[in-house]
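Below, in structure tokens: the form predicted on its own, a single chain.
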Amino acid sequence: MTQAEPAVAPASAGSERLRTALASKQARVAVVGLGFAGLPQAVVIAEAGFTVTGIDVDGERVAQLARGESYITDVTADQLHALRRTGHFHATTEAAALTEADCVVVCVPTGITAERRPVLDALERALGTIADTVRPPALVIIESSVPPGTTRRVARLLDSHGSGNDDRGGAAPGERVFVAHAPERIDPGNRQYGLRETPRVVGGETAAALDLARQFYAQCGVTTVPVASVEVAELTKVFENTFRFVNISLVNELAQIATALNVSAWEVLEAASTKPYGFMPHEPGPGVGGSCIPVIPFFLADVAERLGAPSHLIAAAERVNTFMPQYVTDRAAALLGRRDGDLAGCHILVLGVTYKPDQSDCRHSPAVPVVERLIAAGATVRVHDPLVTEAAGLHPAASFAPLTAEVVAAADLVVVVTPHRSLDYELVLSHARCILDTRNALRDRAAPNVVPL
């Protein structure tokens, strides 16, 4: 059904009521989870003209939003103030707000354990609360990334629990709660492809659910790509992230091979990118970070294992990507003349500790294991990041430092891990003895003290 019109869903009193409310934008919307995906989504929905209640368990987040303060770079304070003035958006920690919702959009985080098994605790708690609270007929859209098979399982829970809350009338058995899966595709900081510019893959637990979800997103100005089932939508998301995970591991291997051959991996990639077909460039680096690429591929690996079809490629890609912080440390030792890898007595300055340039998000940042490996090798490490003054999991022996000529000159080696545009590269180039550029951020500056990964 991908890229095709879905079958027409049979009409019912419940679906017709929701369809009418969506068409007039009188449907009341609740967005559960106001993080990096949920808050931008809530703002897009509210700016489209719906009345939106954002629900989050973090009281400080809710307090910030009440003051009109944004903690997400993709949402501005001006947007929040405008929506507060019109009354189209407010936030709360109270789950009771779900009783008034016609449409619930679920954006709570999912993750993995240290053993690379899916962690869905927050999602299951949220869905349990929704099942106990929402009043049918209602549309529930799960935007959180999940392992294939999750949405259909929770749809049964939502419908069986929600049936006990049906005091509105007009919802036939089996249609009390309409469940769809439309996995988020948000790329924080991407000014070209925001929520409105990125098509949304949508699968419905029933034809009626798919129809309602597509209507909802259309009213928000978002193009949808309907697929045959919620399982297709789930698998699409996990495959998109697995595709990047595997290809990043490939170019990370290329970087190591090219260095051994004494050629530039970056020049190889630039040359390969001139091919007008059959090649899609990815870039090597110190590791993978964020909430999706280092996490979501293991949803697919876990499902594959349970189905008796283990994914060898994902496991191989993980080995390559998790080795990269050690590879950065090995390169650092080689540049400092420590062939045995012992960095005792060496002073290293790491630039950038967030996982992505120009973002303050430190989730799964490769800077954390890079710093850990450098310190384990005996180095004294200082870090600088213009966007943050702390990072969860960062080794306690690493100290934050201002970016000054004195700090740069005191370092035996500067390692660029996250190339924020706001970093003063001219200062670094002028005072650093040697720079290991893991992101090729200084490619346009011909300087003898710069060594790419």
Ligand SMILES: NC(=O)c1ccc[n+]([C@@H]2O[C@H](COP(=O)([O-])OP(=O)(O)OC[C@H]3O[C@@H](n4cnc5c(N)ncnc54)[C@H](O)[C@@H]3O)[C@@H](O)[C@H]2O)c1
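Keep in mind the model is a prediction, meaning the values are calculated, not measured. We number the residues from 1 along the sequence you see.
We do not show the form predicted together with the named molecule, though everything after this point is about it.
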Can you work out which of Cys292, Ala255, Met324, Val371 has a heavy atom no more than 4.5 Å from the named molecule in the model of the complex? Cys292
Listed residue that, although the named molecule is not shown, lies within 4.5 Å of it in the model of the complex (heavy atoms), from Val428, Val416, Ala37, Ala30: Ala37
My question is simply whether Leu403 lines the interface with the named molecule in the model of the complex - judged by any non-hydrogen atom within 4.5 Å. no
Would Arg61 count as touching the named molecule in the model of the complex under a 4.5 Å heavy atom rule? yes
Check whether Ala122 has any heavy atom within 4.5 Å of a heavy atom of the named molecule in the model of the complex, and answer yes or no. yes
I'd like to know if Arg176 sits close to the named molecule in the model of the complex, meaning any non-hydrogen atom pair within 4.5 angstroms. no
Report the stretch among 262-270, 220-228, 277-285, 186-194 that approaches the named molecule in the model of the complex to within 4.5 Å, counting heavy atoms only. 186-194
Taking heavy atoms and a 4.5 Å limit, what residues of 54-91 are near the named molecule in the model of the complex? Ile55, Asp56, Val57, Asp58, Arg61
